[in-house]
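Given as structure tokens, the chain that follows is alone and in the form predicted on its own.
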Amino acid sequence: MKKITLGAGTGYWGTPIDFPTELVQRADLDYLGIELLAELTMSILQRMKMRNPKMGYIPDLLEFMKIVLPFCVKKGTKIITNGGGTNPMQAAKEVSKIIKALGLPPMKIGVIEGDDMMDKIDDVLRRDINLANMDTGETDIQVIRDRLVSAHAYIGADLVAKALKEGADIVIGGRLSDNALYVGPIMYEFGLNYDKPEDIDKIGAAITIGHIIECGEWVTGGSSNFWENVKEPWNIGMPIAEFYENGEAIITKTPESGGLLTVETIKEHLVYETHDPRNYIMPDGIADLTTLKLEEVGKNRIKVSNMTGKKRPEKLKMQIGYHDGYIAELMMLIPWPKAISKAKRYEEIVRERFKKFNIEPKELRFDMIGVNALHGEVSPIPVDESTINEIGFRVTAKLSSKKEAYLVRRFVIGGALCTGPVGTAFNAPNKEREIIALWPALIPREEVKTTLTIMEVK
């Protein structure tokens, strides 16, 4: 029975370089996924591109390519990545330079573009296409129109599969959905078609497997409830999927690595970022995560079977980023004795200094790290402070303008540092920084016109 082997080399921007390096060194992969995007990342990258038209891709992508390309060429492993961010073509040009510098043989790079919808927003709105905020229900996007920073649609695997069919060794896209990096190779290798009813469950299986491995080490013992049982997390292995033509798969990990891969760690990740397990909606289809079966068939080998799906949705998610003010922030360390009482005194000082300068922040937070920073108001505040050696105290204010944020950093928060209780340690207040907020919306699929360019590197 035919099978292909897919490895997840990364799961986020910031993945340590040794994770994908050890994966490609020790495993024989048909495909390596390099997933580098998150919800907010596209807005950050768009800002980078606005400052420099030759930027906008994930900088880490080039570091990964320098290391993994020689191993991938030797083993015949093809690379699929969404690290092109807001500038896939420039990313491809930079990767082509690396190919030449390393003296590698001729290669083809497939470049997928068209997910950037920023220039099309006004036309969409003129035609009364509803871009309601999926989180808040707000319908009038005009209230933030003049503050838009980016707009990118989540796109699927159709052009990934096409690029592979046209001989691409590397495929670089923008806001490809995370699991499209793995759905594309599966669709290409097994000839799956969105329009064939008999292929729908296998595409659902491809989405499911992509979901399981897309976040890298998060399914092999990273960020796990079973952290106490994870062997050598400092040498954690990355997930590998062996996908078979019957629509079943085996999940394993980097050979000779640490970590933990069990039925339980896979279950953990199946519910990660999943709102409705029966309808896990992706650009390529809708996976039903409740029908599958998990079975341990060997050490670090979990079989996934009975995966099902539904046809592609008519609309795609579009993540719209917009400017939403500025943050002024201060972090300090408050020591024993009476650490909590000292923190409350600092809060009083900051609030009174806001009054003194007639500044009303849009939002204001006071977090006692070690007491209530994670659970907020539901955290019980200890009555007996004698056992608390120290706490971190964080003040964060959201302001409308950069000038206001500067005043808060310089005079309000900064002024609290030297007028509070004795013994507190602190660094200089962080520089005020811009807030990019998100407006998620749905857009008809036909409004997103994606393109594929094959770049030949000789």
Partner chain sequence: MGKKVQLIDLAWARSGDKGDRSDLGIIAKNEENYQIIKREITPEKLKAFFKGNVLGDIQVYPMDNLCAIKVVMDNALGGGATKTLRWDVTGKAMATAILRMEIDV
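Positions refer to the first chain, counted from 1. All figures in this text were calculated on a predicted structure; none of them were measured in a lab.
The form predicted in complex with the partner chain is left out here; the points below concern that form.
Relative to the partner chain in the predicted bound form, residues Q142, V350 and V412 are all farther than 4.5 Å at every heavy atom. Partner contact region in the predicted bound form: 361 to 369, out of 233 to 241, 361 to 369, 337 to 345, 189 to 197, criterion any non-hydrogen atom within 4.5 Å of the partner chain. Interface membership of G376, defined by any non-hydrogen atom within 4.5 Å of the partner chain in the predicted bound form, is confirmed. Of the heavy atoms in E39, some are within 4.5 Å of the partner chain in the predicted bound form. T274 belongs to the set of residues with a heavy atom inside 4.5 Å of the partner chain in the predicted bound form. Taking non-hydrogen atoms only, F357 never approaches the partner chain to within 4.5 angstroms in the predicted bound form. The listed set L148, M331, I99, I121 contains one residue whose heavy atoms approach the partner chain in the predicted bound form to within 4.5 Å, identified as M331. Only one of R278, K165, K311, K74 lies close to the partner chain in the predicted bound form, with a heavy atom inside 4.5 Å, and it is R278. Residues of 306 to 322 placing a heavy atom within 4.5 Å of the partner chain in the predicted bound form, in sequence order: K317, Y322.
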